[in-house]
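We begin with a single chain expressed as structure tokens, specifically the form predicted on its own.
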Amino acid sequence: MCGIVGYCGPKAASQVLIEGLKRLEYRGYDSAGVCILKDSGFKVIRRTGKIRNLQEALGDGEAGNCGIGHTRWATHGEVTEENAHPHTDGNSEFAIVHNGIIENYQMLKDDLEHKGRVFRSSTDSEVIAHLLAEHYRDSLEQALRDIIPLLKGTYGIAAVTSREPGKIIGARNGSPLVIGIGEGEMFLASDVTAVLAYTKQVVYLNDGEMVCITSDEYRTCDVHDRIIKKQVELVEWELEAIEKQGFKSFMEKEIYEQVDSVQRACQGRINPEAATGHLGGLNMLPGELREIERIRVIAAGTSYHAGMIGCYLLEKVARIPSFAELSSEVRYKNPVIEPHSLYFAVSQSGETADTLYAMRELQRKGAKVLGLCNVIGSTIARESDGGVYLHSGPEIAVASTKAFTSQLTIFYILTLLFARMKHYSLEDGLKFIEALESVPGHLQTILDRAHQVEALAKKYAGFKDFLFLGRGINYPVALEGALKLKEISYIHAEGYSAAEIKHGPIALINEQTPSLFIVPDDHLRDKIISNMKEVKARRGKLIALAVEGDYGVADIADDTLFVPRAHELIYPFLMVVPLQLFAYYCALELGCNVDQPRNLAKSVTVE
């Protein structure tokens, strides 16, 4: 959830660290700090709040060409300078930054305090600095290697010592670390975005691996000091991709990028001659795919909603029993692995801890798990048995938008692939492709009308509670719409199947609780209209998201937004974008930070 940056090279480390931390702001944080190594020791500066507070405290910068920096989201201990990273051993000889959670920190802390160690923070991370001091002899690398068996939990660690200036040691277990390779300089970070301004050559660490970097080299090994030769990979993103490029916010930019990101997700993956999909990364032969009898999706948050839609499609169109489950629940229920089952782990970042751990548990029991990720080189992408990259480009805003529609695109192609292998005719496949390829044009039409959504948001932003309601394939869209609204505007919102309103939620209906209904022109339209009338009879305010020309819905609702008329299967794309815009404009109207909503992080790397 937090951000790490380390630097060794000829430049002023303080400036490189600040710029790197700014690139990691999107991950979410409440405090930040740096440790700059000098010939005479090191200097630690920490501040709560935004990175600009830390930058002001640094002034013109601290002299030194090596250092580590960190942005923190509070897990253990309140938001204070004492709890901010980097943490030291108290004698200003060892400093560390840490992502993750040390589950047995209290036991370690009690033992260290018994030995006379004085702690200055309420965090779990500080124990690492004190342990390094206790175990250090003449090698920081060896000291870290010695203490790793003592640490129970997850960690991405970067450590320095004044006794070995010009050197940074790192270790990973469950929390990402990446090495950036420059010319005469080296970087260590939790995310490639922190180093992209300086280099595109990176090396990803796996769990159980360590690294030692200096300005001119890096060394990777395991905890037993066995050398590990790593592959240098080239980051495909351009620096401009993580800039706002004239938009007011990253979220706005990413909402508008969906026209292109959906197209990219399709590129090279549709075969019009055979009217089928092509997903080579699945690493499965056609015969193996035909033997699949059921599909399971594990995911969290927005990715879970995409998985729900994917499972609806796979079952309805490809006739494969499919089920989406929250990854946080999978690991702890001792899942049963059924024969001829295929699992998909879905995660934008590819680092979501709940999904990663669930994937490993399923694999441990013999399941084949494929990954759907956006971040190349991420842990799920590397450890899964195959999978598909979304190719959305970097998603910086904490609230996911374009990754969601890219995930949907992959599920649609997967559905087409399975359907054509089973019962779909060539004509059916061509119609499905035509519908999918129409999505970008329809999205552009919706985005061209964004001012209509903005006007609606200004009217309703003052309400404190919302209900989002949909049916069938659009029920998960209602869940996603409610999630977006509460994520970035802090307005309480709940998503339900419209059919479920009479089973409890109808008790909440009043003039101060608007209900937003998703009403595509499909086989469930009349059912949804009946649910709308139930709300209307109780004087509830009604907002409808309907299809162009459906004035029957508009006559019932207090306010209506229209989307283009399309094939009924692709309405989730068309319905979710207005809901993203509605949440966005509500948040702006309320003065919220749409890119960095409170208490949330982009990459959730702790359970």
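All residue numbers are counted from 1 along the displayed sequence. In this text the structure is predicted, and so the values were computed from the model without any measurement.
The form predicted in complex with a small molecule is left out here; the points below concern that form.
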query: Proximity to the small molecule in the model of the complex (heavy atom, within 4.5 Å), stretch among 312 to 320, 533 to 541, 392 to 400, 148 to 156; finding: 392 to 400
query: Partner contact for residue 481 in the model of the complex: the small molecule, 4.5 angstroms, heavy atom; finding: no
query: Partner contact for residue 303 in the model of the complex: the small molecule, 4.5 angstroms, heavy atom; finding: yes
query: Residue contact check: residue 487 to the small molecule in the model of the complex, 4.5 Å heavy atom; finding: yes
query: Distance check, residue 71 to the small molecule in the model of the complex, heavy atom within 4.5 Å; finding: no
query: The small molecule: the contacting residue among 352, 175, 123, 405 in the model of the complex [heavy atom, 4.5 Å]; finding: 352
query: In the model of the complex, the residue from 258, 348, 83, 161 that sits within 4.5 Å of the small molecule by heavy atoms; finding: 348
